[in-house]
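Taking the form predicted alone, here's one chain by itself in structure tokens.
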């Protein structure tokens, strides 16, 4: 008889996570595991707790109760910079690059922050590493231009490139496609899917349902700080509570 394989340890484990702001409960006993390389969609109406959850994961907020376990270690009390060095990166909806610097220079700053001195001990090494990331992102031809002249979709790509420069095992993508055209959404979505294929787990917060459905292997919907559905995208979107809370039907 064949012995079944032991279940893999999740990359990220959220255990009974609760966050209060005074008398307001923003997160109420959240439990979820995310696997290495998983593409995970996070949806919910405004005020549902999505941003609070990713702030607790990235270290911008500390929960009142519960634990955040990453790669087998409890990181609940670690500050954001130490979580970044362990492999958690986050891109934001509104990119805030160093406007006076070129795209390449912005990326080299991120590489310096990552602190990979043994591998990137010289400026030439860091430049080569930055150009390699820009090639993956599709911004090689924009390397020497100032970020002030980038288009919106190029800024979103550069925001992802800066996150990649820290060498993440988990990337949190916060509405990277908001305000983009249909073709630009497809560009960023294809990019995120290719990164997920490189064993980087991605949590994608997004309001564009077609993008969530195409991207995600699993989707979790929050409402009023609680999980109301989690599972395959088609199952979650067919859930009556999700439709009522999120889609207004």
Ligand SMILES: Nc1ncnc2c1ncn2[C@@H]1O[C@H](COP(=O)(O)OP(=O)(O)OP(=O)(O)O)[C@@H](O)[C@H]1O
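The structure displayed is predicted, hence computed values, not measured ones. Numbering follows the first chain given and starts at 1.
The same protein also has a form predicted in complex with the ligand, omitted here; what follows describes it.
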- in the model of the complex, does residue 63 have a heavy atom within 4.5 Å of the ligand? no
- Verify the contact flag for residue 37: yes if a non-hydrogen atom of it lies within 4.5 Å of a non-hydrogen atom of the ligand in the model of the complex, no if not. no
- Item | Close approach of residue 175 to the ligand in the model of the complex, 4.5 Å, heavy atom | yes
- Message: in the model of the complex, does residue 183 come within 4.5 Å of the ligand, counting heavy atoms only?
- Response: no
- Counting only non-hydrogen atoms, which stretch in 183-191, 210-218, 24-32, 66-74 is within 4.5 Å of the ligand in the model of the complex? 24-32
- Residues within stretch 49-73 having a non-hydrogen atom within 4.5 Å of the ligand in the model of the complex: 49, 50, 51, 52
